[in-house]
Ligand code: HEC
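Given as C-alpha cells, the chain that follows is alone and in the form predicted on its own.
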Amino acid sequence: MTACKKPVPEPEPPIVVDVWPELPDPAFPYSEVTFPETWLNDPAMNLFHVNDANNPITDAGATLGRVLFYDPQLSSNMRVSCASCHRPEHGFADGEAVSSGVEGGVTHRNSMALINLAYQRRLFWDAREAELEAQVLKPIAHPDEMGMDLAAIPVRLEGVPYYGELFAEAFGDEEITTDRVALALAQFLRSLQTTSSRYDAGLETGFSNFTAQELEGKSLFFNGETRCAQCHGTLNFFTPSELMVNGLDVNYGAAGDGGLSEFTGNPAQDGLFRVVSLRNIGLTAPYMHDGRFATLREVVDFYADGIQPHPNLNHRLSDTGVGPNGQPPMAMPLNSAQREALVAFLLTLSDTTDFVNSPWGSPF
C-alpha cells in the first residue's frame, strides 16, 4: 500500500523584483534596544513582560522581519503587506475604521496598534492568542486580509532573490520556512517600542513641559473620579491581559461583533474585548474595535455620558465603581472644557519618534 502524501505546492514562476530593500550595513542593532529603567524596574510591568528566551531578538532576525513586514509578496495577490493595515505614520494602526485586504475584502475589526508588544501577553481584540509567533501568521492566512496559503510561503519567497541571504544571516542557512517567517516577524515587532512621548519627557521634569490644559487633563485622568487610570494603568497605559464589557452596545453580537463570544460561541462572553494601550492614541484614530469613533473627543464623550447598560458591564464603568458587574452605567458630569482637557492630555501620550524614517519604517 502506498502511503498518502501531502501535496507539495507547485513552484511559482520567477518573481520579477523591481524594488530591493535598502538596508544598513552593518544591520541596525535591534537587539540592543531596551526599555527605560523605569519600565524594567517596575514590578507591575514585570508581571507582564514577555519571556522571549525561545526567540530572542537578533539584529539579523529583526532585519529580516522588517523586510517581511513591509513586503506585499506575503499576500496571495502580492499587493497587501502587514504594513498595509499597520502603518508607521498611524502608530502602526490604520487610518480606516476597518482595513482593506486582498480581492477587496475588508477586515472584521479595526486594526490594533502594534505598541510595546514586549509587554503584551494577550493578542487580538478578543485575546484569543497568547504567542506573537503564532499571532503573526493569522492575518497572513486570513482570506479577508492577506489570503496566503501558509504552506506556499516558502515557495513564494524562494523566488525572491534577496531572501536567501537575509534568511542565512538570520538563521545560519538559506532555508525558508513558515516557522522562520513567524520568528523573524515576531523579533521585529517586539523590538518596536514607544516610550518617547511628551508624557515620558514630563516624568523627568515634573511635567514642566505641559500646558495648563494638559495638566488639567492629567489631573482628571488620574483623579479616581473619572476612573480612566483604573482601566488604563501602568506605564503602558492599559490593564494588561484584561477583557471587559465597556458598554458600547446593549447587545454586542446583535450590533455586529460579540467580541470573545464570536470566538468561543459562548453568549455569556458577549462584548468582551481587550483593554488597549493609550500609547500613541493621538495617531491611531478611528477608535474602538469597530472604529466607530472618529475623534478622541467622541471617545471622551462616550465615557462621560454615553455608556450603555449591559448584563456584564464592567464594574469600573458602573454607577458605584465597585463589583459586581452588570450594574447601571456611570455618568461623569464633565463640562466641555474638561473634556477638551482630557483630550489634550491623551495627545501627550503620542510618541515623538519619526517611525516612517526610522529603522522600523519601510526598507523599500
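All values derive from a computational prediction rather than experimental measurement. In this text, residue numbers run from 1 along the sequence as written.
The same protein has a further form, the form predicted in complex with this ligand, not shown here; the description that follows concerns it.
Next item on the list: Kindly indicate whether 117, 123 and 289 are, all three, within 4.5 angstroms of this ligand in the predicted bound form, using heavy atoms.
Entry: Yes: each residue has a heavy atom within 4.5 Å of the partner.
Item checked: residue 163 within 4.5 Å of this ligand in the predicted bound form, heavy atoms -> Flag for residue 163 set to no.
Check: Is there a heavy atom of residue 63 lying 4.5 Å or less from a heavy atom of this ligand in the predicted bound form?
Finding: No, no contact at 4.5 Å.
Next item on the list: Report yes if any heavy atom of residue 91 sits within 4.5 Å of a heavy atom of this ligand in the predicted bound form; otherwise report no.
Entry: Residue 91 lies outside the contact set for this ligand.
Next item on the list: Using a 4.5 Å heavy atom cut-off, state whether residue 139 contacts this ligand in the predicted bound form.
Entry: Yes, residue 139 sits close enough to this ligand in the predicted bound form that at least one of its heavy atoms falls within 4.5 Å.
Check: Of 278, 192, 183, 157, which one comes within 4.5 Å of this ligand in the predicted bound form, counting heavy atoms only?
Finding: Looking at the other structure, the residue within range turns out to be 278.
Check: Of 67, 33, 45, 317, which one comes within 4.5 Å of this ligand in the predicted bound form, counting heavy atoms only?
Finding: For this set of options, the contacting one is 317.
Check: in the predicted bound form, which of the stretches 204-212, 149-157, 226-234, 261-269 has residues with heavy atoms within 4.5 Å of this ligand?
Finding: Within 4.5 Å of the partner lies stretch 226-234.
Notebook entry, point to check: Heavy atom within 4.5 Å of this ligand in the predicted bound form: which residues of 70-85 qualify?
Noted result: The stretch touches the partner through 80, 81, 82, 85.
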